[in-house]
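Here's a solo chain for you in structure tokens, the form predicted alone.
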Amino acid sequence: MEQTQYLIVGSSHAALEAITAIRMHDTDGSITLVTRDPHLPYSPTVLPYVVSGRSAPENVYLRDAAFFDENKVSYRPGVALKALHTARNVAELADGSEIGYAKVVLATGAAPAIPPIPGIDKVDYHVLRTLEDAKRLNAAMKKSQRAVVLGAGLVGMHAAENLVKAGANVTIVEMSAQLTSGYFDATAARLIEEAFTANGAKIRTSSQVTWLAADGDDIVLTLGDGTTLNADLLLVATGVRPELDYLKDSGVACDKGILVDDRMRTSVANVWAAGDCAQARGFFDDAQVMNAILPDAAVQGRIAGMAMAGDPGVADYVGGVPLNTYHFFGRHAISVGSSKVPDGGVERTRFDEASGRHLKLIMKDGRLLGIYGVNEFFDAGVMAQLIVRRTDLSAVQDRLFEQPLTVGRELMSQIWR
């Protein structure tokens, strides 16, 4: 049986950061990476650009084969983790082989969450989570005349825009009362909806699909109010969730994801988790949350790698801060931090109907808790740092509200010297 000092399961941002962090402290310990994906590493965030054709599939990889050679990593693509036998420190793979490990980090990401709609197993639908999904959707999009996108999160909205631009009649069906409800406030959602309807899309919020059926080459969707929609392409984009069947009987504690502490350790010795499969502490309270965003995956992977390698420079995870950027029809929306106004907090908003510019700040005791904007320019990463550093902005909060980009950069130059 193969043995390795460090086993990395997964191949996106968290996994790659873990490798880099390990090699910064341990240049010789053996590393093996296994991933169910057959390709070189890529980011799920690039997939909408593959769907649109703006990025060729062969140009989206995060690392090339030389990266693994240079870092002395045994790279094994196309093989999934079947079971983790923690009592023996052994990973059982889907191809029947086993790998013994001293330490393992689970960075297995998440998979599309398929809603239990009657008839969904009888129709051909698309999802968008892997490179193969993106290539399949790109091919189907070119032939589509009537498309339905089920779910109005960022994955669904990106795909819907691509379908509109490809010439399809597009209907977006969303259970919530607004689009992008997990990311943006009502004003931002209205601006996004107006952009889509102006470009010909139809929006059905507060709607639920109750039945799906095939009708020749078409898919018939029945909604809760009895309305039926016919589509030649159906994209199911109703969220993601980690697939954790491989942890059955492992003793690793899970809730919505794999529960981890501030060093990304799980409940079982020698096992860490990071990225979209990990459920870690949120920044604003002690609740453990899923914060499936790229910056968080990178930070968690780095912490896990440093902790696994025994790097004395490892620091505790500060907690997850939501951060989302979204570009649509030549416009952009950004959200960073909390959307809740706490007791004693203040919400400041401004909106210019003519330009469609919208900005909202949430502050308490002179400290930033959240910032949201449409067609407003500011650096999301800077704002996230102002939040996690709990920077006192009392002296500049009026200027920050008026000029978030300029003042944010001024503060960055002062604080990060």
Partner chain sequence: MGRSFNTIAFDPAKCDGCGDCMSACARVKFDSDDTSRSLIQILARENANTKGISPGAGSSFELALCRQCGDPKCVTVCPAGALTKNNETGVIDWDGSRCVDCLLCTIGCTYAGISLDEATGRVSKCDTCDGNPACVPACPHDALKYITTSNIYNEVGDWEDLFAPGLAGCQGCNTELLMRHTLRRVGPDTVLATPPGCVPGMGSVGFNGTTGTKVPVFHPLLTNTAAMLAGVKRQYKRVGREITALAIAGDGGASDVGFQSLSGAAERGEQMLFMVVDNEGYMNTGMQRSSCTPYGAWTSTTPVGKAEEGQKAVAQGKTQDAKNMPLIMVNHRCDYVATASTAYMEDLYEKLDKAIAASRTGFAYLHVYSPCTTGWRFPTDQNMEVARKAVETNFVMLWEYTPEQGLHFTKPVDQPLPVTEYLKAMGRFRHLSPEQIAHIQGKVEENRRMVEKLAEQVHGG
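Values in this document were obtained by computation on a predicted structure and should not be read as measured data. Numbering follows the first chain given and starts at 1.
Omitted here: the form predicted in complex with the partner chain. The next part is about that form.
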| property | result |
| --- | --- |
| The partner chain in the model of the complex: contacting segment from 289 to 297, 160 to 168, 201 to 209, 86 to 94, heavy atom within 4.5 Å | 289 to 297 |
| Partner proximity in the model of the complex: Glu410 to the partner chain, non-hydrogen atom cutoff 4.5 Å | yes |
| Non-hydrogen atom contact Lys103 with the partner chain in the model of the complex at 4.5 angstroms | no |
| Val60 within 4.5 Å of the partner chain in the model of the complex, heavy atoms | yes |
| In the model of the complex, His332 touching the partner chain (heavy atom, 4.5 Å) | yes |
| Partner contacts in the model of the complex for 232 to 261 (non-hydrogen atom within 4.5 angstroms of the partner chain) | none |
